[in-house]
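Shown here is one chain on its own, the form predicted on its own, set out as structure tokens.
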Amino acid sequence: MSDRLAAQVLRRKSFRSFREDAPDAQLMEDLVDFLSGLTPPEPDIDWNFDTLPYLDMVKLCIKEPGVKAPMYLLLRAERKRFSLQNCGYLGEMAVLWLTERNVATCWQGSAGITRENDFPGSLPFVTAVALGYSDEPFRESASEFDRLPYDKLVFNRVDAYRPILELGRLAPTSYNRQPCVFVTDDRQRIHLFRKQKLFANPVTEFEQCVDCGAALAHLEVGARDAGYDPKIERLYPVPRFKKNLAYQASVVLA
């Protein structure tokens, strides 16, 4: 069972300039339908989303978004453990879906929306994605990515899983910090860990949990493209690897 979104991983990039013309209403409706049909890794966490034009986004934000785009996708979730990873997964699935339709995107992890400024009764804001059309080209190959080498991020390597793991390695991360580490085992599982520093910055940790969700999206579409029927699970007891790594979730291939 292949996954058409896997091919979009190599094309996706963070666009820095957008044209003023917004995607048409039908595309935005189709995006809503696509997102509404997704099941995040932790399905029991309540979540929702909004799509807003630039001027409405500015009204909600503490400061202007990092890039000016005609539209923004806002992801929200109740405050529970793993809600950030859920939003990263959902947002990156949307990014790949939009890339397939030649819509440019850029994660807006620094966008700040306080509860006082937000729509009444909304779930807590987590993150946003800018979207629209751009005159910049999409990527054409993996060589255009600035990422750490494969052997610095992947351990207990299983050669058969390399195409899947490469897509995980190419997932976007806030400020390109690349906090994700991938560990395979002999039970057809890929475990995702997050690097931790001794003195962690809460803002950085927040962003990196979202990053891990995006990596899970890449692993899932890569596994489907390789012919597996993957499931994202959080295992108990928690897998252990190195002291400075926090377990996030596992992609079970079979």
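In this text, residue numbers run from 1 along the sequence as written. Remember, it's a predicted structure, so these values are computed and weren't measured experimentally.
Although not depicted, the form predicted together with a small molecule is the subject of the following passage.
**Prompt:** Does any heavy atom of Arg234 come within 4.5 Å of a heavy atom of the small molecule in the predicted bound form?
**Reply:** No, Arg234 is distant from the partner.
**Item:** Contact test in the predicted bound form: Asn102 vs the small molecule, heavy atoms, 4.5 Å
**Value:** It does not: once the small molecule is placed as it appears in the predicted bound form, Asn102 has no heavy atom within 4.5 Å of it.
**Prompt:** Quick one: is Tyr175 in contact with the small molecule in the predicted bound form, heavy atoms, 4.5 Å cut-off?
**Reply:** Result yes; Tyr175 sits at the interface with the small molecule in the predicted bound form.
**Message:** Since only the chain is shown here, I'm wondering whether Phe138 would be in contact with the small molecule in the predicted bound form (any heavy atom pair within 4.5 Å).
**Reply:** No, Phe138 sits far enough from the small molecule in the predicted bound form that none of its heavy atoms falls within 4.5 Å.
**Request:** Sort through Phe145, Phe82, Tyr133, Trp97 and report the residue having a heavy atom within 4.5 Å of the small molecule in the predicted bound form.
**Result:** When the small molecule is considered in the predicted bound form, the option within 4.5 Å is Phe145.
**Asked** What is the one choice in Cys106, Leu165, Leu90, Ile113 with a heavy atom within 4.5 Å of the small molecule in the predicted bound form?
**Response** Selected residue: Cys106.
**Message:** At 4.5 Å between heavy atoms, only one of the stretches 32-40, 222-230, 208-216, 53-61 reaches the small molecule in the predicted bound form; which one is it?
**Reply:** The contacting stretch here is 208-216.
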